[in-house]
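Included below are structure tokens for two forms of one protein chain, each presented in isolation as structure 1 and structure 2.
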Structure 1
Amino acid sequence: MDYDTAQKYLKEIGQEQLLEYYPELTAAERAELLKDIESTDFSVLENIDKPPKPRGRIEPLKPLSCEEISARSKEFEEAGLKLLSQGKVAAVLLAGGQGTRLGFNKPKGMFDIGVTRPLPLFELHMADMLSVANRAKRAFHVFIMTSRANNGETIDFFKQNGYFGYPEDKIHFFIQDVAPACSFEGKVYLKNKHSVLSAPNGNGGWYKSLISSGLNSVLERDGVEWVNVCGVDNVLQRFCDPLFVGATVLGGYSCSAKIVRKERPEENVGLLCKVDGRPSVIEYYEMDENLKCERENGKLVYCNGITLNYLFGLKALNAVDCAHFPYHLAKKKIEHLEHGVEVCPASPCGYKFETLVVDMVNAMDNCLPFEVKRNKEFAPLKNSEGADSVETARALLIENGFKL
């Protein structure tokens, strides 16, 4: 794209600010900026004014309770371990986020949760995976989604740490896609005078990005049938849990989600339920007050709090158009260029555009909510202090016997 074409195009879409510093750039910088403009998907900006989609009929989705799981644990565990020992299960670790709330400027998986010794989240997770692999007597494939910004650092970290003892040939990295970030007025930001600001486009793009990387050939080559997709920031995350795998497969489901039981109506957690007969995750702020408070035998009816731990059947996933999930607007602090200088805002200043794994669940015909005990499996690390913080995550690790 040459300058004239770029200028005309940006004028048409109201984004001429991206050329503000063009006159003062070197030839190489000009070329870089024009290339950036050409490759930016400005269509995501249409999501700013989109009215929210009307919700359909919401119904509860009964979870498989901890008691029911415990009663059939031997059967579930055996089925899960059998699939793992046959190499039919793989893990996907979502590690492409930016962790802006935590305020950690490295890959979140490198965050050191240790107290008397270094204990990065990646080490915790790889140790959990190794213990499952040892029980199954076979290491499963681990696909780690990174972003353009943190891919190199993540790979180096794994190398420096000897892949945390996990077989190196089973660990694969792939980079997720990006989307431009903009002000609340919809003006796309510059990162510096010669590059458009883009950010990772959310965790819902993992399968599309995995396919673009060519790594789906590994899944096909090795006959993988199930993929366990997990966030990097739950310090009690359990990967490829044989119980979870077994319950999903024996129940004949296409997908399942580990959930924690919501106890109080005001808890801010996404809820797995049914909308128009399909599995769906409703955000807490989208939920009607009456439904939020509805109880049966004293327990909340809408109680399936999601934990970002999903198991997807690949056959079902391959039947879905993973390239066209909707974009959601996320209000974030976005470092950007303002009046020629890079600024680091103290509060959210604009939108990032994110696809979400929950939309994948909605595309499935069914989904099993699999209950886990909150204090055993759910300790998200989102903030530097307060709720879901370093302090709360450490306390839960200690409660679960981890030496920090």
Structure 2
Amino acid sequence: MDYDTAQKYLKEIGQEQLLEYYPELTAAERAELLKDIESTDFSVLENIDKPPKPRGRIEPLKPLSCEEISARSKEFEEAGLKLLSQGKVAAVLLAGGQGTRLGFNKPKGMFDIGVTRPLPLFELHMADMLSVANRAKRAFHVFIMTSRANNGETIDFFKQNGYFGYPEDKIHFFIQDVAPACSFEGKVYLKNKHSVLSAPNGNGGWYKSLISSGLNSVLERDGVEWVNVCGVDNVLQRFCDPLFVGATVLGGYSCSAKIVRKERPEENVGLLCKVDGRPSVIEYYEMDENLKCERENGKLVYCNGITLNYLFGLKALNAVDCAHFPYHLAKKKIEHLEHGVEVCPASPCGYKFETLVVDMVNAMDNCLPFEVKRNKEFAPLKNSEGADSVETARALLIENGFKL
């Protein structure tokens, strides 16, 4: 794309501000900016004016309880280990975020949760995967989704740590796709005078990004049928759990989600339920107050709190259009260039466009809510103090026998 083409195109879509500093750029900077403009997907801006899609009929979705899982644990575990031993299960670790909210300016997976010894989150998760691989007598593929900002640092960290004892040829890195960030008026920001400001496009883009990287060929080559998708910030995350895999497959489900039982209506957690007869995740702020508080035999009716641990059947996933899941508007504090100066706003100043993995669940024909005990498998690390903090995560790790 040359300057005249870019200028004409940006005028048509109302984004001429991106060329504001073009006259003062070097030849290399001009080339970089024009390349950025050509590769930016401006169509995401159409989501700003889209009215929210109305919710249909909401109904509870009965979970497979801890008691039911315990009663069939041997059956589920044997089925899960068999699939793992056949190489039919893989893991995807969503690790594109930085540890900013923890006061840690590096990939969140590098955050050290240890007390008397170094224990980065990556090491914690890889140790869990290795233990499952040893039980199955076969290492499964691990796909780690990074971002443009932390890809190189993440790969170097794994190399420096000998891939944490996991077979190197089974670990694959791929970069999350991005979308432009803009003001509330829909004007795309510049990162600097020669770069369009883009941000990771949310965890729902993991499969599209994996395909874009070409790594889906590994799945096809090795006959992988199931993919376990997990977030990096749950320190008690269990990957490719044989019980979870076995229950999903034996139940004939297209996908499943590990859930914790919500105990208080005001708890801020997304809920797995049914909408118009299909599985759906409703965010806590979208749930009607009456439904949120509805109880039966003293227990909340809508109680399936999601934990960002999903199992998807690739056959079902390939049957839906993963490239066109809806974008959600996220109001954010966005560092950007304004009047030639870098601005670090104190309050939200614009939108980032994010796809969500929950939309993949909504696209499935069915989904198994698989209950786990909160104090055994759910310890999210999101804040430096208070709820879901370093302190609470460490306490739960110690409670579960981890040496920190």
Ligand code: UTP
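This one's a predicted model, so the numbers in the text were calculated from it and none came from an experiment. Think of the rigid core as the biggest set of C-alphas that the two forms share within 1.5 Å after superposition. Please note that residue numbering is based on structure 1, beginning with 1 at the start of its sequence.
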_Chain form predicted together with the named molecule, by structure number_ = 1
_Once both forms sit on the same rigid core, is the C-alpha displacement of A6 at or above 2 Å between structure 1 and structure 2?_
yes
_Superposing on the rigid core, is the Cα displacement of S213 between structure 1 and structure 2 2 Å or more?_
no
*Determine, after fitting the two forms on their core, whether P345 shows a C-alpha shift of 2 Å or more between structure 1 and structure 2.*
yes
_Angstrom shift of the Cα atom of K333 between structure 1 and structure 2 (superposition on rigid core)_ = 2.9
